[in-house]
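Okay, so here's just one chain, in structure tokens, the form predicted on its own.
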């Protein structure tokens, strides 16, 4: 990683702003999706108004000293959407396009995701607006620790629990935990490990957390295959994004005999008609930072990637990557959203009209928050569960929720996304009716 400060050229900055604007407002898109489910369940207007906006929107600006001695200011976010079911819960992302509306959308999705899976958490999301690839490891540590200190008591093991997200990992969470421990004071040091999840196992994390989201995606694929009589052995898969979720999904699907036909990420797109080895590709990405340049496949364009003749598509990159053009090009039988909010509503309509099954993000990519809940419980109880126990619990919960959504969608004659939101919204509405509004 570069340790030099790299100023953004005005033209490049303008292009980035245009690209971000073109992607649309993520919170408006999320709201549109949720309103459809609200109408389905006839949600009470007062409750809809309460959950229509986050409870808290925090923005912090903080200074960090670079390796070259210069001071740079950073902007950090933490949006706390809802905590009626339990502490706020959600990832921390480091990305140069991070913005408040994105955090609001992602935090709201976490609320509905937890409600859908009956996890006693609310929804939160946060991060820092910067490109971590331009900073050294020591700088990333200082940025993370300073951000955690700036958040202060706005996070906590019984209040708001961050986790890894885009461009963050277990090391990031360990830095956050250690910083919070030192803020909490000596007497509470060992009672606040649960301030974050997604930590390394040695620092109090859970076995199975790293592969949890990818594993959850694959559980949904296997359940769909059973329901439809589809044979995964020999089927063709294309995956967009080869970070934590995409890489683990690829490895697990390969174990079931699936052929990884094409893969793409921010660096480019590749394909091999005979299949791509996910383990070797993972090693290449770990070294180079992208799938681009991998010798075991040929370079293709983004348009060629979406037009590949495959059976399953796993978007596991960023939000709003699947638009109308991509939906028209896709030839798959099913799309499983490994990423949060990868699909524009207009694109989903096209996919459904083409008979492509769409398994929504709040159902299939929730393995991470489920195992985060297990990690939090282990920290609370000062326990360490075995890998088989964690993965067994994850499998049972994912499959049960999958069947719940399937039955609801059939009964209400609606799509799976609307069904997933409706189940979560019904649970939230029930709790609000029971508890009322204070005072």
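Note that the structure is a prediction, hence the values are computed from the model and not measured. Residue numbers count along the first chain shown, from 1.
Keep in mind that the form predicted together with a small molecule is missing from the display, and what follows is about it.
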Original post:
For residue 125, is any heavy atom within 4.5 Å of the small molecule in the model of the complex, or not?
Top reply: yes
Subject >> Contact of residue 216 with the small molecule in the model of the complex (heavy atom, 4.5 Å) >> reply: no
**OP:** Please run the contact check for residue 264 against the small molecule in the model of the complex: heavy atoms, 4.5 angstroms, yes or no?
**Re:** no
Original post:
Wondering, does residue 79 line up within 4.5 Å of the small molecule in the model of the complex on heavy atoms?
Top reply: no
**OP:** Please determine, with the chain shown alone, which of 301-309, 183-191, 146-154, 363-371 has non-hydrogen atoms within 4.5 Å of the small molecule in the model of the complex.
**Re:** 363-371
Subject >> Single option in 206, 108, 340, 172 placed near the small molecule in the model of the complex, where near means a heavy atom within 4.5 Å >> reply: 340
Original post:
Which one of 237, 297, 359, 163 is close to the small molecule in the model of the complex, taking close to mean a heavy atom within 4.5 Å?
Top reply: 163
